[in-house]
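Next up: just one chain, as structure tokens, the form predicted alone.
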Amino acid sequence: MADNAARQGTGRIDTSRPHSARIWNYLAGGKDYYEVDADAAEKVLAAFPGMRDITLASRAFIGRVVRHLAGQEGIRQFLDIGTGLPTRDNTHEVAQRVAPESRIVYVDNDPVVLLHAEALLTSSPEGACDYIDADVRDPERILEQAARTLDFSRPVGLMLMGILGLVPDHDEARSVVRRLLDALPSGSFLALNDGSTADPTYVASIEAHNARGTATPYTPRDPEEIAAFFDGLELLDPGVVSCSRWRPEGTSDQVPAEVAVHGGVGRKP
């Protein structure tokens, strides 16, 4: 059992079943997971060692996206749904490093994330942070509570990172995205990524993980299905691509290796 999660106590946390946020934390090199989460993660890694590359590429993608939105697009409000456990360079830390007045609302429904929410609320004095305990399938609750912190008459950066794979029905997932975007004004952005079917070995490992029935099933999607979440938006270059290849940083001419997680950023007209 990892130290922080163990010290906090369990409360309503089910430590007999792995949870996606805690598995992800283990893969990212964090400390906030239980033995059952580590076991589940190791089974995935045994079937697909590249899973750790996907995790790290996803985290790096989030940082690049937030830096771009805050630094180049002037976004000062972020709604981050599917927050996961606190790590280095959380959304508010990256955004407020660029613009201290940035306001961030985090959303997750994992009780372990809730226990650690205070680490997500260390806002700069000029800005603000809030945390909502809610499911991505309940956009009305999310929007109602987010309005305590965010001004929905001004542009918002909506972040859905790795969360829609937990909504297996594609039509339902698209409906959630549309409802959230409908509440945001022109000039807002959708930043989204999810596991993709680009690597058959990754897909097979996720199917095996789902078949064990010990954690919430995850559904990788075709890159075209992920691109469909951006319908009606103005996609920023280079479009929907492997996250490792979305505006990579550094001076090397070498193209980063592709990983089976695709994403992009789109502006609401």
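Remember, it's a predicted structure, so these values are computed and weren't measured experimentally. We number the residues from 1 along the sequence you see.
Unshown form predicted together with a small molecule; subsequent notes refer to it.
- The three marked residues, Ser196, Val240 and Gly263, fail to reach the small molecule in the model of the complex, with no heavy atom of any inside 4.5 Å.
- When you look in the model of the complex, the only residue of Leu120, Val105, Val156, Val113 with a non-hydrogen atom within 4.5 Å of the small molecule is Val113.
- Under a 4.5 angstroms non-hydrogen atom cutoff, the small molecule in the model of the complex has Asp135 among its neighbouring residues.
- Remark: Arg59 counts among the residues lining the small molecule in the model of the complex, judged by a heavy atom distance of 4.5 Å or less.
- The closest non-hydrogen atom of Val259 lies beyond 4.5 Å of the small molecule in the model of the complex.
- Contact annotation for Leu166: at least one heavy atom lies within 4.5 Å of the small molecule in the model of the complex.
- Heavy atoms within 4.5 Å of the small molecule in the model of the complex map, among the stretches 135-143, 122-130, 71-79, 182-190, onto 135-143 alone.
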